[in-house]
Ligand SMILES: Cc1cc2nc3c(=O)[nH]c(=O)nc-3n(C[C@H](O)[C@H](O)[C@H](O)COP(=O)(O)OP(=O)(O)OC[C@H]3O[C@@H](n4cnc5c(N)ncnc54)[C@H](O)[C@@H]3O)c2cc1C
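Shown below, as structure tokens, is a lone chain in the form predicted alone; questions about how it binds or moves come after it.
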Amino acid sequence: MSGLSAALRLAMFGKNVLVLEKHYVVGGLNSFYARKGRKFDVGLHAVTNFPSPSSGKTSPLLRACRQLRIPFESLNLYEQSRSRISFEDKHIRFNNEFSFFLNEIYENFPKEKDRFRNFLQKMEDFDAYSINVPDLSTRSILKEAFAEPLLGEMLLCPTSYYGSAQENDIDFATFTMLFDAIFKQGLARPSHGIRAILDPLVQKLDEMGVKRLMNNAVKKIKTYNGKATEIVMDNEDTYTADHIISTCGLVETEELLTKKKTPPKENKMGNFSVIETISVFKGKPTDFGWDETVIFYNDDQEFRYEKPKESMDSTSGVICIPENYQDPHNQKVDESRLRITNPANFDKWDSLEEPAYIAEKARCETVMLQKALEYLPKGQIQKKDFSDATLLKDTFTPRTIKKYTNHANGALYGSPVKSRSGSSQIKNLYLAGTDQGYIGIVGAMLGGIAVANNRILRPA
């Protein structure tokens, strides 16, 4: 997303742009694939930053659409119905009305009302989008902000799952951006999935004559006197450019350099990864008593967001039911999807031979479904009933994430170390995307735009 957005922004201003894509489809982890005639979105649980009436033209999503000249209406976004954060027997519901979320906070934590208002003001006063923003621990700030630790733990859950590269914490700038994106603005989904965003980007690039080389990976970036001088591809083709924007990650970009100033440090390596299983089942979600869109859950009062010791950990995770977005077409569907996401251990998955890998996926699918059914409303369906209704299952693991994002350790959100300015150790080589600190689909687009604007079109 960030690379396509940067390329489009540069092409709009007459720059000669070449897009190099390792895979045969665009989008990285925000892409799509087909199984048995059905198309699946890979990373799309939700498009955050759905424009609220109060955000007006300042909405990040509207800003991205304006910069890329994509009509907002063409995305055909439909809002969530209602979502939930559940920790044991405590539940906070939210939808795209911030007042509803506030009432949920005040009803569940009445003694925290004044402290929560102070916390909202603290976020309002914090310049989360500054490239010089300090790196602060959100977990520490939340512990100081509230007398009841559970409130802070519950707020950490959705924000971490939607954007933290750190284990068991999230930097306060990212937390503030995601809190605004999820709760103040809201969640939505394009009627036609991620292709509703990818297709316009690709179409505009093609119309502007931007050349895209697909299924062609970068092997190394040659440098001389602190500048990137040449890109060498896996097939030994070479390219030169005045500027290079890399979206494969901070550590991964540094490893491509032929002359590294410093070797990658251990603290730059991201470790948090996930396994996700998607079940296609007969009927509508409401047939089974399910009317919520996204459920973030945790089995304990302390939120765990870390690399598990085993292949996966089902005690914390995310459940998403895409057909519960308020798309009118969903009222007539004859099959729906249940997406379950849990923390996973890249090393365990990467070490498995193919037969063991397939068997472990099947085992995890069973465990993940059992846990998800505990957090879904009882409705009319139990594990055996759901299995009987299931038409197709597909699962991706940390190994899949490594394949399609190139992130070391299959790290979902890349490195915990971010380059907010987009700068690297090489003066004409810039970073965009996850390791720039812009999170989510909207953030990825804005990150690419920011690098194109600030580093190339109008450099400081």
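Everything numeric here is computed off the predicted structure, so don't read it as measured data. All residue numbers are counted from 1 along the displayed sequence.
Below, we refer to the form predicted together with this ligand, which is not included among the displayed structures.
In the model of the complex, this ligand lies farther than 4.5 Å from every heavy atom of K15.
Residue contact check for P398: none of its heavy atoms lie within 4.5 Å of this ligand in the model of the complex. In the model of the complex, this ligand lies farther than 4.5 Å from every heavy atom of L446. Of the heavy atoms in Q326, none are within 4.5 Å of this ligand in the model of the complex. Of the residues L429, A46, A408, A64, just one reaches this ligand in the model of the complex with a heavy atom at 4.5 Å or closer; this is A46. In short, of 129-137, 303-311, 361-369, 215-223 it is 215-223 that has heavy atoms within 4.5 Å of this ligand in the model of the complex. Shown without its partner, the chain has V274, E276 in segment 271-291 as residues with a non-hydrogen atom within 4.5 angstroms of this ligand in the model of the complex.
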